[in-house]
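The chain below stands alone, shown as structure tokens; this is the form predicted alone.
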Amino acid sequence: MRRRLSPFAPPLAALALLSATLLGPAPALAKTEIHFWHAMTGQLGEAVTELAKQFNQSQGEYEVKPLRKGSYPETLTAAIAAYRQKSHPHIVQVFEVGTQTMLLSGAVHPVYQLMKEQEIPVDWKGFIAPVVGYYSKDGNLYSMPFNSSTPIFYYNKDAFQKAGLDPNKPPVTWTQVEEYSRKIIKAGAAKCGFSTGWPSWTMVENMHAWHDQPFATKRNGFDGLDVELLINKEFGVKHIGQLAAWQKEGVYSYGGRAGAADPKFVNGDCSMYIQSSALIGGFTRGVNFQWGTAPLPHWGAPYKKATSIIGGATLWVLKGKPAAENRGTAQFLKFIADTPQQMWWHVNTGYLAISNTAVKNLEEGYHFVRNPNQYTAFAQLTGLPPTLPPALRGGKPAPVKPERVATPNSQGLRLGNFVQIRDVIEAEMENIFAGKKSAKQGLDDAVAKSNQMLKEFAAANKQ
């Protein structure tokens, strides 16, 4: 019904109604902005934007504004510099090797403390233990796990079939990797046997963990800053030396740092590839041949098999923001940690779901049965069987027991100046692969340079 203004209405009432008609409804209050710096590109960057959009649409008080600040090292450097200038974001994504730097930066508002202050309940024990353990200090979680991954083994099933290999039986040992590589090359199914991405992370850091070998002293840096690397011992020399020999023979093809070698696998040049589990999403969309995933190869006895270690990044909250804005930051972190978002993030990116509830829901929904490639990383990190057990296939509902457990050598790495140390290791690996140095000499030089950096970091951060 239309409401008419009475001709007898008081002049002030008429004026008020006329003003309301001309001015229209009062504008809605602006949302409080929460700035979030990250390092994601391509499809992963789009997923970050979508996640922020979902949060922004879920409530009317806050607006998360994601912004890519460059590579992982560039984003970390930019955030610390901005904090010193008091122009920092609320949240910054930092890769795992920046953990010690962030812990000692003085710029961090620990996430466990933030949630407690804001009275937002989070079941920290409901998160996957290997992930929480890496980013905790004194039993408390300092940053929110976000994009968690671990290196896994990818292989070209079409190339296997062409070479007369069973496409459903990937190599389990490094000896088999060599054997399969030679057969594939001989059959003309690929130009090289295998390649690797992120060489220090996959071939040094994780290989030591996978074989239950120490990467550094002081429990890989968790027990103090006075740390020295141990990668030039028997295992490190053996493994890197063998890679160098295979490189010379054409079995192994070094493709560069970070993801520079990805095209070798995507284009079919190399039939096997070791890279982050986070590439599953991209490979699903961009690889034109049949492929599968498997656990990392192992050298066998006398080395034990432990678990791989976490990679990727977490979200750190920076100090110095008003309480009202911290409230929005906490709400966003709670949002991304909740089960629906964890499941969405895993399915759409390939990164691991970090809550046990999300993983259980994925299992019960037969997600891993339909997507076995995404089970590999989860099993490898948690020590579960490498192939789907009956309980995950709709069989007996009994809980699946881990075959392996994390050890002090596989719980992770916590080193100062780790970004620079990884560069040093990879530079020496390149010298070894190019034949400029022996494996022993190259690793000795990497350790000497890295130990000096660790010594300088310890001196600068005495408590």
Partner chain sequence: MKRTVFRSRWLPYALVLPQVAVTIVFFFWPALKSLQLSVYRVSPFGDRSTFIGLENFRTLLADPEYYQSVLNSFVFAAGVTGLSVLAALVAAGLATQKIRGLSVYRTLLLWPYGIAPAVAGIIFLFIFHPAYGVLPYFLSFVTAYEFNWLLKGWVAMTLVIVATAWTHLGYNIAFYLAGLLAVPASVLEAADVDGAGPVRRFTAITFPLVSPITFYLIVLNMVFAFFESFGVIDAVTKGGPGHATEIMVFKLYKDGFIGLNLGSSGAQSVILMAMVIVLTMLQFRYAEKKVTYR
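These figures come from a predicted structure and were not determined experimentally. Positions refer to the first chain, counted from 1.
The next section is about a form of this same protein that is not shown, the form predicted in complex with the partner chain.
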Which one, 161, 371, 326, 101, lies within 4.5 Å of the partner chain in the model of the complex by heavy atoms? 101
If you check 254, 332, 146, 153 against the partner chain in the model of the complex, which one has a heavy atom within 4.5 Å? 254
Would residue 63 sit within 4.5 Å of the partner chain in the model of the complex, counting heavy atoms only? no
Are any of the heavy atoms in residue 438 no more than 4.5 Å from a heavy atom of the partner chain in the model of the complex? no
So in the model of the complex, does any heavy atom of residue 76 sit within 4.5 Å of the partner chain? yes
So, residue 52 and the partner chain: in the model of the complex, are they within 4.5 Å at any heavy atom pair? no
Full three-residue contact with the partner chain in the model of the complex, heavy atom 4.5 Å, for 134, 140 and 294: no
Work out which of the listed stretches, 40 to 48, 403 to 411, 422 to 430, 55 to 63, brings a heavy atom within 4.5 angstroms of the partner chain in the model of the complex. 422 to 430
Under the 4.5 Å heavy atom criterion, name the residues of 431 to 462 that approach the partner chain in the model of the complex, in sequence order. 431, 433, 434, 449, 452, 456, 459, 460, 461
